[in-house]
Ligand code: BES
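Consider the single chain below, provided in structure tokens and representing the form predicted alone.
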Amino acid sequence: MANQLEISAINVINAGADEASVATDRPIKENELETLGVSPNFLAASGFEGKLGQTLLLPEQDPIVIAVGLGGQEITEPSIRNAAASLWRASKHLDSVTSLLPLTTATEVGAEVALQATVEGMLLASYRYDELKGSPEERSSLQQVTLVVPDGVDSAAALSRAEAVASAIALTRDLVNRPGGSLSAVQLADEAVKVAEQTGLEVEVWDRERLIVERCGGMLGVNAGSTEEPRMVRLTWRPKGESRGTIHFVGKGITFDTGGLNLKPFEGMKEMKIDMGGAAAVIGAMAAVAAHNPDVTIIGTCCCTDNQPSPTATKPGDVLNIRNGKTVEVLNTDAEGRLVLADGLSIAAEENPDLIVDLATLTGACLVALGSQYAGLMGNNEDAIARVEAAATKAGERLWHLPLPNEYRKQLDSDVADLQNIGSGRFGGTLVAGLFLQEFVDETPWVHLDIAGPVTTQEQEAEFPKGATGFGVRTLLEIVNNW
């Protein structure tokens, strides 16, 4: 599966060097409009106010000049990516462009950070998913990008990290965009193996027989109605020297969710190829870990299967035996993600990591509560929650901290098993799902991210085209980088 990033060449030059180009950009803050050298009437007629991501082709300029708005707020990595993405869209019909964005924003965030953010924004804005189209869309003309940085900046490391992160997010988008009929659990595991082969990660793949031996009853129960084999994939990064700790990422990898015997209606099922977005984010983050060379051990576990109705499928009322010994009464087969995560979290907790973070497109209730741009965050440890919130803020990924109220735990009580997989009440479904997952992490510091909303977008925004966003990859990498 090829990452579909269109820009083929990025060059970096120091300020003051010869800038031969078809076009150049001029980054402008809202309070700096007078530096554009054009009349206020022209700006008013053009609607250009210097807002973040706005672009404007300036008249009578040779070479062509494109003004790029930086907004009026503090310059951050996400805002630089936003401006860079807008510049790419404004100049994609040109042959080449020279951007002053890294030079202009270096004072606020540092030269290497500004360069990395600019490269990431332009690369990710150029992403497209057309591998299944008989007649792929015409590619942009822009193949040559020259970026201007302050004198003396060593750009090699920043470029390497930017390309690794952009490729990892593009891989995650590719996986989420791919139809369920073209991405079985076995195929998703194969993609993870390819990542390991390309990056030097350790990889382990558990098939159905191994899952039986390992007592992964949640995985096997969800997979019971499928003709496709389940897979649990474990990717591991080990530092060359002494490890300062262990972080374990766990991703929900339901490659297509029909709801099982509690069959979804059409509107609820048609987008369910995205239900492996958590596993895709884990695979993407692990793909970029090697480029950052952290001195901590990172383990990524993906719980992969589809959820299908059939005569052999798990039935409402059936009881599953989870890896950690607890039993679960399945009252709704459409609450399957928490069942596969129960096994993955149990395995992660056994290894006593310093932190577990799971990602899952877990509940529609989270969409109702937070909309499509925020992920829900829950956890059992305030320090761990604060760490993940800080990482997400730096990454520019929106989270909202939700509670895990003990008062709601009784909704999971079962008459025939240790707990049931859905709450007995109508409301608070996201919180009850979080309380369910908490049963499988023991005392390990743990954070759960319900990414049902931001895993995709219906609108083009900043570096995000319509479709899969790659949400979660940046947050996971920031957790690693700031450990």
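Model, not experiment: these values are computed from the prediction. Numbers follow the displayed sequence, beginning with 1.
Quick note: we don't show the form predicted in complex with the ligand, though the next part is all about it.
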Open item on the list: Please tell me which of 299, 101, 123, 362 lies within 4.5 Å of the ligand in the predicted bound form, judged by heavy atoms.
Closed with: 362
TODO: Quick one: from 367, 349, 111, 205, grab the residue that has a heavy atom within 4.5 Å of the ligand in the predicted bound form.
DONE: 367
Task: Interface segment, criterion being heavy atoms within 4.5 Å of the ligand in the predicted bound form, picked from 139 to 147, 391 to 399, 159 to 167, 327 to 335 - done: 327 to 335
- [ ] Look up in the predicted bound form whether residue 238 has a non-hydrogen atom within 4.5 angstroms of the ligand, and give yes or no.
- [x] no
Task: Proximity of residue 264 to the ligand in the predicted bound form, heavy atoms at 4.5 Å - done: yes
- [ ] Please run the contact check for residue 306 against the ligand in the predicted bound form: heavy atoms, 4.5 angstroms, yes or no?
- [x] no
Open item on the list: in the predicted bound form, does residue 431 come within 4.5 Å of the ligand, counting heavy atoms only?
Closed with: no
Task: Those residues of 255 to 281 which, in the predicted bound form, come within 4.5 Å of the ligand by heavy atom - done: 257, 264, 272, 274, 275
